[in-house]
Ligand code: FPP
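One chain follows as structure tokens, the form predicted on its own.
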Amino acid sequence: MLSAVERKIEQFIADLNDKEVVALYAKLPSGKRLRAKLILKIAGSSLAVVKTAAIVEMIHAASLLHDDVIDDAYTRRSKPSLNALYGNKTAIMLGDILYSKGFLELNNISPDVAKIVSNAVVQLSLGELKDVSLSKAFNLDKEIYLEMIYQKTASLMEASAGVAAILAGKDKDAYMIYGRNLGIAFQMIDDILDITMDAKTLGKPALHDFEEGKTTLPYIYLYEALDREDALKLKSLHGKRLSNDEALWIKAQMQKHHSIEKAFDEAKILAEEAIRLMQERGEDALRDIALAMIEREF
């Protein structure tokens, strides 16, 4: 079914009748297509479902293009990012084109579907802005962090599950809770992997988030556990290029104070709630998606 989504995206891009856009889009890695998988698992493979999945993946791709420019990221899934290859202006404009084409095609699905996805994109943009603002200082407020990752990551996952439920005639609210929990837990796991995995696996330097100025959940928990001197040291390292010794110190402190485990347990609680909701509805495939998400290495 995913192949049908890929073909539909290619058709949407071809409809633009612009060879440059077609060539640029071909440079983008397809990724996990988690949102499309979610939509297909909930709603099947009718034409409206495939179109919706394709639109959501185009919107997600647009958000990543903008994200890479904002973060000065020059790799994406171990390959050069589009902004690294062709510059920020080209990456931003391709993102705008994908957003615009996605919104245009949403009008052909249904008003309810269009409203939910459009609202998610508003939330996504607010989350991106919040992420930029938070990177200016060491953030100790867990609730602000959770709000940001809901907006930036989970809102589109939540919308994907919700619109799929609408298309399938299922209980929208329950599926949106599932999608929200899945999205928040997914981002928490991503933030953990940025600390625990090696650069080759990540496709970017380890601890890159912290160097960028991002204070993710493990760092918040670590700061709370450290004595005053070490807490000040951690804060002084925020948003700077880390030496090998500094990176090793952070990882050792994470291990000593079980900060990674604490953050992982929080992600696991959210995933388990999502799993229970789907088990009650006999959605074994959605349970498996949630399990695979929290047990992944990348």
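All values reported here derive from a predicted model rather than from experimental measurement. The numbering used is simple: start at 1 and walk along the sequence shown.
Not pictured, yet referred to below: the form predicted together with the named molecule.
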Response to the item:
Interface check vs the named molecule in the model of the complex: of Asn83, Asn181, Thr215, Thr153, the one with a heavy atom inside 4.5 Å is Thr153
Worksheet item: Can you pick the one in Leu234, Ile70, Leu28, Ile260 that has a heavy atom within 4.5 Å of the named molecule in the model of the complex?
Response: Ile70
Worksheet item: Going by a heavy atom distance of 4.5 Å, is His66 a contact of the named molecule in the model of the complex?
Response: yes
Item to complete: Classify Leu124 as contacting or not contacting the named molecule in the model of the complex by the rule of any non-hydrogen atom within 4.5 angstroms, answering yes or no.
Response: yes
Item to complete: Indicate whether Phe138 is a 4.5 Å heavy atom neighbour of the named molecule in the model of the complex.
Response: no
Worksheet item: Looking at the partner-bound form in the model of the complex, is Ala62 within 4.5 Å of the named molecule by any heavy atom?
Response: yes
Item to complete: Name the stretch: of 105-113, 182-190, 138-146, 168-176, exactly one has residues whose heavy atoms fall within 4.5 Å of the named molecule in the model of the complex.
Response: 182-190
Discussion item. Between the named molecule and Tyr223, Lys251 and Glu266, in the model of the complex, does every residue show a non-hydrogen atom at 4.5 Å or closer?
Written reply: no
